[in-house]
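There is one chain below, alone, in structure tokens, taken in the form predicted on its own.
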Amino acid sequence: MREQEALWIEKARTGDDHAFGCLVDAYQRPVFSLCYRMLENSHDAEDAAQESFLRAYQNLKKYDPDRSYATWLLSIASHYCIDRIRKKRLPLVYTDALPPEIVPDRHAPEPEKEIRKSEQEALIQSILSELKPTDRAAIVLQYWHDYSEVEIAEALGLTVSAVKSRLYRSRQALAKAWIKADNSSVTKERRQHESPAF
């Protein structure tokens, strides 16, 4: 795969649009996934993914072949999303549908399980939205893309110690928000099952 990718990159750098199209096909899912987690709705994520690939194409001659192409590309997407959040001050929570790869199957034999999964995804997205843009990018790169702290530092232009600090702080904030949301849903469930007092 790496040899094939290197060949696509080499051809794309000489203006071969088909070769760049192959790179887009190979990376459109992870780029969209990162943009969705950052921007919280599929429409904005699609726009951001397209813009990220356009910027990658325009800057391909500046790409260092000794560097991971995936890291370079996700770095472009991360920075674009961070800038977009800061400039547009996007609302924290969207009720948009989940992206296709995590939409529950309507024909699933266990609809309750799928509904719970959907609710958990929405809760995770809501909690992520409370993080600062750069912290959110660090968390998304680690937990959704399995990036190491060194790779995250490279992608976001931070030191490794700064990444460690951001990840630690973000995990603490996410854990607190999750516990709070979980306690809130338990309380709500209890109230629904309690008999009304007359």
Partner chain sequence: MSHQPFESWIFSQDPLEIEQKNTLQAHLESCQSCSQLSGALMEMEKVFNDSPAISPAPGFTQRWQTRLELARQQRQQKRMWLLTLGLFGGATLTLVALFLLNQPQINLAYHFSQCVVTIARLTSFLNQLWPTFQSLVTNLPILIPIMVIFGTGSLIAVIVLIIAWFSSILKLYQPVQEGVNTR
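Residue numbers count along the first chain shown, from 1. Fair warning: this is a prediction, and the values are worked out from it, not measured in the lab.
Missing here is the form predicted together with its partner chain; even so, the following discussion is about that form.
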- Note on the structure: Note: exactly one of Ser129, Asn41, Gln142, Ser68 sits with a heavy atom within 4.5 Å of its partner chain in the predicted complex, namely Gln142
- Message: Just checking whether Ile179 would be counted as a contact of its partner chain in the predicted complex - the rule being heavy atoms within 4.5 angstroms.
- Response: yes
- Message: Taking its partner chain as it sits in the predicted complex, is Val150 in contact with it (heavy atom to heavy atom, 4.5 Å or less)?
- Response: no
- Query: Is there a heavy atom of Asp135 no more than 4.5 Å from a heavy atom of its partner chain in the predicted complex?
  - Reply: no
- Task: Consider Thr159 of the chain shown here, and say whether it contacts its partner chain in the predicted complex, taking contact as heavy atoms within 4.5 Å.
- Result: no
- Restricting to 31 to 52, the residues within 4.5 Å of its partner chain in the predicted complex through any heavy atom are Phe32, Ser33, Tyr36, Arg37, Glu46, Asp47, Ala49, Gln50, Glu51
